[in-house]
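Just one chain follows, in the form predicted alone, and it is written as structure tokens.
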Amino acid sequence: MPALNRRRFLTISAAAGAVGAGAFAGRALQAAPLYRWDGVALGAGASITLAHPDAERIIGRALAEIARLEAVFSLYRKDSALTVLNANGSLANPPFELLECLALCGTIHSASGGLFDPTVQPLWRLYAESFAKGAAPLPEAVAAARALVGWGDVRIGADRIAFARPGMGLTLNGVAQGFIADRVAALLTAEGLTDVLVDTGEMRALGGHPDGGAWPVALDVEGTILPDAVSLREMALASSAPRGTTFDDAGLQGHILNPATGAPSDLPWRLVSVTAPSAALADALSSAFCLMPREAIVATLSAFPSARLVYLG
């Protein structure tokens, strides 16, 4: 099965390709020789952009960190910590990174009134398998999968993570890409670097652009490009496009599922973009906000004064 990653349906481009180069409009790329790595993280396109005489070595260390974290968070590696947890219903001696990420998930679950719920994996798996066969899941199948959803039934301890009921599962697609961006940024900071842009599906800027100023980022709203929509300096940016999905041709209208209904969001949002000091926080909030009306988003943001909604439409 291909990697059906909910977080890679489109969203941000900066300093890359036809769209990203447009975001810089020729003004920033001329000032310093930028080194840009393009590759894959968690099954999706990723990049790291920096200016440094030893860029290749530094990128090599960053790639090793990405690979290490994929062994924790990937849903498509049979040996990852997350896959083993989902397959067995429990995981002994979980990696610290998984525990840290789940702690953030608990915070956002609470702040969002339960709308951010990583235990929707059984629902996501049902939709993926059903639409792969060309049909929507039956209502009774959705109800059965929804009965397996419940953050309160995840038992989290330093020595063991376990599900209270057989058949439960976690997906961290709404937070892991941001978490990895933060970890790569921390590694580069430890190397003494500044003025770096890490993009693992969600962005984390260390400092600003090497030429001066912030990193200008374009947003892609269902094919409409908003150039220089966001300026990033020592900040993270995450976007969710709730209506984008690999299953559109089969009839699925959205890929971010509401844990209360078992259905995709019925709100009109095409793109939700959030900035925060942490890419993991921005990632989780942008995911949750796809399921919220504007008033609820504003109310939730009051609990996270460092985060800001930069696009909703």
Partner chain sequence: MHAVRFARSFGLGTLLSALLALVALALPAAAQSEAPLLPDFIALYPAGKLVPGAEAYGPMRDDIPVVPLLKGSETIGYAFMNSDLVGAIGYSSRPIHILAAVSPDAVVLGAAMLQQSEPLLQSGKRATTVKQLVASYAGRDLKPEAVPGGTGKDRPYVSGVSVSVRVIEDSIIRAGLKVAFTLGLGGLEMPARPPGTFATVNPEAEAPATWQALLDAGLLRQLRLTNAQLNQDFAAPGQPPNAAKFPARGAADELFIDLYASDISVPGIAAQLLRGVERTDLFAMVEAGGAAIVVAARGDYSWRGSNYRYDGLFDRIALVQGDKTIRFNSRDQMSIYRLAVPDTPILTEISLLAIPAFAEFDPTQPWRLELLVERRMGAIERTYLTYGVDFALPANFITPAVMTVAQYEQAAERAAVVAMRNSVWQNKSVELAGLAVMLAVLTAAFFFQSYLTRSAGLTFWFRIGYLGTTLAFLGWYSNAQLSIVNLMALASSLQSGFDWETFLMDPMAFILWFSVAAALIFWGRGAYCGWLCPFGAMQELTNRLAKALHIPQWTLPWGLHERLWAVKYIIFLGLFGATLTSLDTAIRYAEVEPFRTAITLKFARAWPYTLYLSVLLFIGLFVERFFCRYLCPLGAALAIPARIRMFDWIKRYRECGSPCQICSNECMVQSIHPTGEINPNECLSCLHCQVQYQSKSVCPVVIKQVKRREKVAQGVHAVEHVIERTHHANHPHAVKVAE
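Positions refer to the first chain, counted from 1. It should be emphasised that the depicted structure is a prediction, and the values quoted were computed from it without experimental measurement.
There is another form of the same protein, the form predicted together with its partner chain; it is not shown, and what comes next is about it.
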Note to self: Counting heavy atoms only and using a 4.5 Å cut-off, do 107, 156 and 159 all touch its partner chain in the predicted bound form?
What the structure shows: yes
- Item | residue 138 within 4.5 Å of its partner chain in the predicted bound form, heavy atoms | no
Open item on the list: residue 90 versus its partner chain, in the predicted bound form: is there a non-hydrogen atom within 4.5 Å?
Closed with: no
Consider residue 97 of the chain shown here, and say whether it contacts its partner chain in the predicted bound form, taking contact as heavy atoms within 4.5 Å.
-> yes
*Is residue 64 close enough to touch its partner chain in the predicted bound form, meaning at least one heavy atom pair within 4.5 Å?*
yes
Interface check vs its partner chain in the predicted bound form: of 147, 190, 225, 164, the one with a heavy atom inside 4.5 Å is 190
The one option of 46, 50, 58, 281 with any heavy atom within 4.5 Å of its partner chain in the predicted bound form is 281
Of 228-236, 115-123, 207-215, 67-75, the segment with heavy atoms within 4.5 Å of its partner chain in the predicted bound form is residues 67-75
Applying a 4.5 angstroms cut-off on non-hydrogen atoms, the residues of 285-310 near its partner chain in the predicted bound form are 304, 306
